[in-house]
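There is one chain below, alone, in structure tokens, taken in the form predicted alone.
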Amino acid sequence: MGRTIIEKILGSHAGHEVSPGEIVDLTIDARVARDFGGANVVKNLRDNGLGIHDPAKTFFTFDCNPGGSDQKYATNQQICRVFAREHGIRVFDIDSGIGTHIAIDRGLAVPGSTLVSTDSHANILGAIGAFGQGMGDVDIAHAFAFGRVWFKVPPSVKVVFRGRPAPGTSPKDLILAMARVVGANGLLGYAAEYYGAVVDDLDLSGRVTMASMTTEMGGIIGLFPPNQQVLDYCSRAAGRPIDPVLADGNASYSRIVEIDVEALEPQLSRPGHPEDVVQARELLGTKIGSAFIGSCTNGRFEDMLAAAEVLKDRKVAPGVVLKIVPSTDEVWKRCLDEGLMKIFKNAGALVGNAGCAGCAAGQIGQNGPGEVTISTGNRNFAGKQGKG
């Protein structure tokens, strides 16, 4: 019997072939702690007298509150900086951006590799065909100290997108359409693999968007077989040729899900439930108090460019606050170099330094009681971006 992508990746890092349901001890290629949870990782290591297995594969990323504008986050960041200096660990500090994006852009993660982080959306690495997973601070401390951690091998679901969406439809609409079909727990405990002509053609930005939303369906990870554009990007980032990990033609799946996206129009999920998806035109006329463009889901340059195309020569409506936050400093600089920042500011937007922004209820973007926000973030739970 052939093997799925997740079975191949986990098997290569366990040192033997694996099967769904099996508990395996895996080598972790990149071990990451954020400013959220990072201080607890340090505490676990110090309290137990543990060292660092391989500083070259261990990182801190400060992305939840890169401004350090909250005293708790500022304290966490400083604890991590001190520990990093003591152990020779690289810190992607408050001027860097979102850790999972940095992992892709700097070649810390490549197709077929493994990464763990204190980020609940570390499975965004599925965008490049890598295994990323968010874990608690105790598990991350173990990975820091020993370079390995255990996982239960998940069964796989094959998701096939059929048809071509209408003009103006984005990758976010594809994954929202899927969330509507499978529901909030439709991928609970599963690894998904995404296929279809529309998926094959997606650039890295679009794959990042869809991979980020897999969590909202309960999925362990959503894996994309890398196309040549993604392989070339990852090879440049890593400074070496990278080969993809692909499923065998006779791989066994728990089930196959087909999503009809023929003539699909733009979608929106209504407050409180990412899977409560309707056509965007059904909500035309809804009064909003603020809008947020950014997050690990839609903070890449292509997202910024799409926003700029809408905002050029226009103004944000009176009484509405628009917040825009690029995912990384490199994206921020490119927006500056290519004139997007001027468009944003002329439109009346508030632009923040790279990071998670409103999605972490910190840095920039919190809303107030009763405020309605339209957001590109992956979650729309009450309280996620403040009290609105």
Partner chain sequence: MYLASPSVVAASAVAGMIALPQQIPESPAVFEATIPTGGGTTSRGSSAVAEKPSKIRGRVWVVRQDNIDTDMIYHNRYLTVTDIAEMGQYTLDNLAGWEDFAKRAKPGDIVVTGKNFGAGSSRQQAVDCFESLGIGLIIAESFGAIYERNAINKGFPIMTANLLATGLKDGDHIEADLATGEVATPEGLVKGTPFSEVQMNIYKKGGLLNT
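Please read all numbers here as calculations on a predicted model, not as lab measurements. Positions refer to the first chain, counted from 1.
Absent from the display: the form predicted together with its partner chain. The rest refers to it.
J.: Looking at heavy atoms inside 4.5 Å, which stretch does its partner chain contact in the predicted complex, given the options 228-236, 154-162, 274-282, 131-139?
T.: Stretch with heavy atoms near the partner: 274-282.
J.: Looking in the predicted complex, any heavy atom of R255 within 4.5 Å of its partner chain?
T.: No, R255 stays farther than 4.5 Å from its partner chain in the predicted complex.
J.: With the cut-off set at 4.5 Å between non-hydrogen atoms, does K172 touch its partner chain in the predicted complex?
T.: Taking the distances in the predicted complex, the answer for K172 is yes, it comes within 4.5 Å of its partner chain.
J.: Heavy atom to heavy atom, is L223 within 4.5 Å of its partner chain in the predicted complex?
T.: No, L223 sits far enough from its partner chain in the predicted complex that none of its heavy atoms falls within 4.5 Å.
J.: I'd like to know if R379 sits close to its partner chain in the predicted complex, meaning any non-hydrogen atom pair within 4.5 angstroms.
T.: Output for R379 is yes: heavy atoms within 4.5 Å of its partner chain.
J.: Taking 4.5 Å between heavy atoms as the contact cutoff, choose which of V261, I288, V181, L204 touches its partner chain in the predicted complex.
T.: Result of the distance check: I288.
J.: State the residue from A122, A143, L176, C80 whose non-hydrogen atoms include one within 4.5 Å of its partner chain in the predicted complex.
T.: Among A122, A143, L176, C80, a heavy atom within 4.5 Å of its partner chain in the predicted complex occurs only for L176.
J.: Report yes if all three of V32, G51 and A56 come within 4.5 Å of its partner chain in the predicted complex by some heavy atom, otherwise no.
T.: Spot residues vs its partner chain: no contact at all.
J.: Within 4.5 Å of its partner chain in the predicted complex, counting any non-hydrogen atom, which residues from 291-329 show up?
T.: In sequence order, A291, F292, I293, N298, D303, A306, A307, V310, L311, R314, K315, V316, A317, P318, G319, V320, L322 come within 4.5 Å of the partner.
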